[in-house]
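We begin with a single chain expressed as C-alpha cells, specifically the form predicted alone.
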C-alpha cells in the first residue's frame, strides 16, 4: 500500500538527518510531537551488505513512529537491491533513497546529492530498489547471503521485544526519493521531471543545491515550481499513480510550515528546528514548553538511548541533551556538564540541580 497517498494534507513530517534521527530521537519526536511521517537517518547500502551487524542499531524503530520510512544511500544499484529486501523484511512502511546529502565524504563517492549529476545512475537505483521490493514480496530473502539473513532475523527479534508489530504477510512498500534543487546549479524542474520517469511514490526536495550545503536560504520558489511539475504529471495519470511532493528547508515552526503550503505542495519535512524540540510538530514554540517538561523529556531520552544502544555509543546523545537546555539562567553551565556525561544516571543528577524558578529568556 502506498501510505503517502493516505496521509492527511498538509503532511508535516520529521526529516531524516545523519547523526540525529536515530531510534531514540525518533521515538521522542513521535511521542511528544506526533509528526505525520518519520524517516530514519540514512544507512549505507554497502554497509548493510558488508557489515550487517549495524542493522541491530541503525534499523531499530518503535510502533509509535509509524508510518516509518527507512532511508538508504550509496551508489551501487546491486547493493540498493539487497537493501530494499532487508527494509521490507524489517517491517518498515516505506524505503527512501537519499539523493540529497551534501556531505563531501558522501558526495565524493557519487552518492547522496551527487546523484543529481548522474541521472542515469539515479534512475537505475530507483529501478533497483523497486525491483528489490517486488522480489522480496515474491520470494522473501531468497538469494541474500546467510550472514545478512541471520542479522536481519536478530533485528526482527529485537523489534518484537520493543513492541513492534511486524506485518504477517509481505506487502509492497512505496519507494520514495529525497533530493535537492540541484548539484552546482539550480535544476529543480528538470531534475524532478527526470525522477518522475521512474514514478517514485513521493519526492521530497530540499531548497538548496549541493554546492550551497546548508548556507544561504532555501529557495522555496524553486520548490513550488517543482511541485507544479509533479502536479502536471499527476493530472495526466490515474489517482492510484499519484505522486506526492514535499518541501524541505528552513521550516522553523508549524506556523512557518503553514505559510510554505502554497500551490501544489503536499507538505513539508521539518529538520533542524526539531533539535531538542519534539513539540514543534504540535505547534508549540520552544519557549512555550516549561523547563521542567524539557528536563523530564531529556532524562527520558537519555534512559531510552542507554536501553537501545551500547554504553560506548552514549557519546552520540550529548548533543541532543544540549539542545533541550536553553533559555534559562545557568543553561550554558548545564550544557557544559551534559557534554561530559557518560550515562543516563549522570544526566539525571546534572539536571536535578537545575533551578527551574530562575528562567531567563536570553541565554
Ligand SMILES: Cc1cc2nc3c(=O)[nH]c(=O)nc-3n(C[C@H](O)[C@H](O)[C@H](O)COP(=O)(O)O)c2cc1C
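Residue numbers count along the first chain shown, from 1. Predicted model, so just to flag it, every value in this text is computed and none were measured.
What follows is about the form predicted in complex with the ligand, which we do not show.
J.: Check 4, 91 and 202: does every one of them have a heavy atom within 4.5 Å of the ligand in the model of the complex?
T.: Answer is no for this spot.
J.: Since the chain is shown here on its own, which stretch among 303-311, 54-62, 35-43, 328-336 would lie within 4.5 Å of the ligand in the model of the complex, judged by heavy atoms?
T.: Residues of 35-43 come within 4.5 Å of the partner.
J.: Of these, 77, 132, 249, 276, which has a heavy atom no more than 4.5 Å from the ligand in the model of the complex?
T.: Only one listed residue qualifies here, and that residue is 249.
J.: Of the residues 269, 83, 175, 181, which one places a heavy atom within 4.5 Å of the ligand in the model of the complex?
T.: Looking at the other structure, the residue within range turns out to be 269.
J.: Does any part of residue 345 reach within 4.5 Å of the ligand in the model of the complex? Heavy atoms only, please.
T.: Judged by the heavy-atom cut-off of 4.5 Å, residue 345 is well away from the ligand in the model of the complex.
J.: Do residue 20 and the ligand come within 4.5 Å of each other in the model of the complex, heavy atoms counted?
T.: Result yes; residue 20 sits at the interface with the ligand in the model of the complex.
J.: With the partner left out here, which residues of 137-169 have a non-hydrogen atom within 4.5 Å of the ligand in the model of the complex?
T.: The stretch 137-169, when checked against the ligand in the model of the complex, contributes no residue at the 4.5 Å heavy-atom cut-off.
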